[in-house]
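Here you get one chain, nothing else, as C-alpha cells; it is the form predicted alone.
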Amino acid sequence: MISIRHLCITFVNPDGSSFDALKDVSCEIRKGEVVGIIGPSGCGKSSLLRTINLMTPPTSGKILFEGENITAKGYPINRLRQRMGMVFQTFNLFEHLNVLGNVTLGPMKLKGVSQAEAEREAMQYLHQVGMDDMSTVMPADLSGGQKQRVAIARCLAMHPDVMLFDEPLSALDPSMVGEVQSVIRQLAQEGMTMLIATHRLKFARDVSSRVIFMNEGRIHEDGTPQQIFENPTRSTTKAFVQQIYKLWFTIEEDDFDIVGMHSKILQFCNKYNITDVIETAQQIINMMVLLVLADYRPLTVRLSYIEQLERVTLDFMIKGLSTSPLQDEGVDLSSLAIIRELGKKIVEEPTKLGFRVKVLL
C-alpha cells in the first residue's frame, strides 16, 4: 500500500549547520496493518509521519502510495490528504467552529459534499468516537481527550485509506488517555490501516500488528510486537523496550520533608499514567518510613515502574545491613500486616551494599 524507499530528510540550521532527521529509511506498509512506531525522543518518528503525509518534503528518496509516486514534482497534495488522514498530538481543531462544524468542514470544502450529507455522516463518526452528544459544543469547552476524539472523527469523515497518528496520547491528562486508546483500538479491529508514533510502549504493543523501532533517524528493528518486546535482536532495541522509570529518595534524618516526597510521587505517577497506585504507594511509604523502618537511617526509598510489564515496586534499602529489618524483634507487626495487605508481595533480599525490602504494588 505504501512503499518508502531510501527516504532522507536533512534540515539546515540558520548557522549553516545541518541535521539529518531521517537517514535512508525504507519499509513497506501493507493494507490493514497497524504499525506502531516507537523510539526515543528525536529519533525521527514524527518526521517519518510528516513526510509520508508530505507535510515535510523529503530531501531524497521517494514514497509510493498504491503505486503512485507521491513525492514526484507536481503531485496533487490535496488529493493525497483526502485519502491519508493525520491526527496530531495538539488536536489542531478550528476554535471558531463547534464540534459538528470541525467534522463537516473537510468533506464540504474538499469533496463538495452537501451540508446535509456532511452533517449526517459527521454524526455517525462522532457517535463512533462517543462525541455525538456534544456536536454543538465549542472546542474551548472540551477536555483534551474529547478534542482528540473530535480530531479522529474529523479524519474519518474524509473516508481515508490510511490514518497517521503523531503521539496522539502525549498531550492528554492521564485520566483521558483511556478514552482515546479505546477509539484507536476500535479502528484497528475494523481493519483501518494506521501508523502510530507513540512513546507509550504498552499501547504500541497492545494495538499494533507490527512495531518499528527507530533510533537516530533510522529503522533499527522491524517486527511483530512479540518479537520487538520479548525477543529483540539489537541491543539498542532491548535497552529501549526494557526501560525502567525510577524515582529516588534518601532519608538521612527523621525530620525529612515527607510532604514534598509525596508531591514528587504524585507527579511521577501522573507522568507515567499509573495514578491507580498513588494512594497505596503513599500509605506504604508512610508506614515503612515512619513506623516499620523508623530506626534505620539513612534509608533509601525507590519507586520503580516497568512499563512493558506494568509493574510498580517500592524498594526500601538500608546500606550495611546483612539481615532483613522485618525480622527484628521490635518491628511494628500491625503496620507490617497492613503493608502485606496493601501490596501484592513483599520480597526481602540482600544486596551488594546492604539489604532491600521490595514491595510489589
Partner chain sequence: MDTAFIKWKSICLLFAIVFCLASCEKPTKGNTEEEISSIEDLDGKVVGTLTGSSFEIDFAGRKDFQVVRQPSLSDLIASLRKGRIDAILYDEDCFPDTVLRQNGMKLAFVTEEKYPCAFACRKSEQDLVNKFNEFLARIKSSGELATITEKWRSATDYTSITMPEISDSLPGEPLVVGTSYSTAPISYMIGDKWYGFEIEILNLFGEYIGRPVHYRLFDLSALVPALKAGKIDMAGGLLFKTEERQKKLAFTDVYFYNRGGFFVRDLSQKTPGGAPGISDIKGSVEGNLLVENRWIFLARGLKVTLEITLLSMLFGGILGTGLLSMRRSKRRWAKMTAMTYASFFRGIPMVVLLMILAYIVMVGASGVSVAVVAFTLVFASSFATTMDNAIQAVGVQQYEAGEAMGFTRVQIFRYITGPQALQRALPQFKGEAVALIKNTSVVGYVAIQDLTRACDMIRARTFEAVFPILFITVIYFFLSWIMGKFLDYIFKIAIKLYI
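Positions refer to the first chain, counted from 1. If you're wondering where the values come from, they're calculated on a predicted model, not measured in any experiment.
The protein also exists as the form predicted together with its partner chain; that form is not presented, and the subsequent description refers to it.
In the predicted complex, do L201, I228 and I306 all put a heavy atom within 4.5 Å of its partner chain?
Heavy-atom distance to its partner chain in the predicted complex: none of the three under 4.5 Å.
Taking the partner as it appears in the predicted complex, which of 252-260, 119-127, 177-185, 100-108 has residues with heavy atoms within 4.5 Å of its partner chain?
Looking at the other structure, the answer is 100-108.
Examine R50 and determine whether its closest non-hydrogen atom to its partner chain in the predicted complex is within 4.5 angstroms.
Judged by the heavy-atom cut-off of 4.5 Å, R50 is in contact with its partner chain in the predicted complex.
Is there any non-hydrogen atom of H96 lying within 4.5 Å of its partner chain in the predicted complex?
Yes, H96 is a contact residue.
Whether T136 contacts its partner chain in the predicted complex should be assessed with a 4.5 Å heavy atom distance threshold; does it?
T136: no, not in contact with its partner chain in the predicted complex.
Since only the chain is shown here, I'm wondering whether F240 would be in contact with its partner chain in the predicted complex (any heavy atom pair within 4.5 Å).
Residue-level check for F240: no, no contact with its partner chain.
Interface residue in the predicted complex among M86, V289, V207, L172, criterion: non-hydrogen atom within 4.5 angstroms of its partner chain:
Exactly one residue meets the criterion: M86.
Contact residue in the predicted complex, chosen from I284, V113, M163, M158 - any heavy atom within 4.5 Å of its partner chain
Partner contact (heavy atom, 4.5 Å) among the options: M158.
Contact set, 76-93 vs its partner chain in the predicted complex - heavy atom within 4.5 angstroms
Counting only heavy atoms within 4.5 Å of its partner chain in the predicted complex, the contacting residues of 76-93 are N78, R81, Q82, M84, M86, F88, T90, N92, L93.
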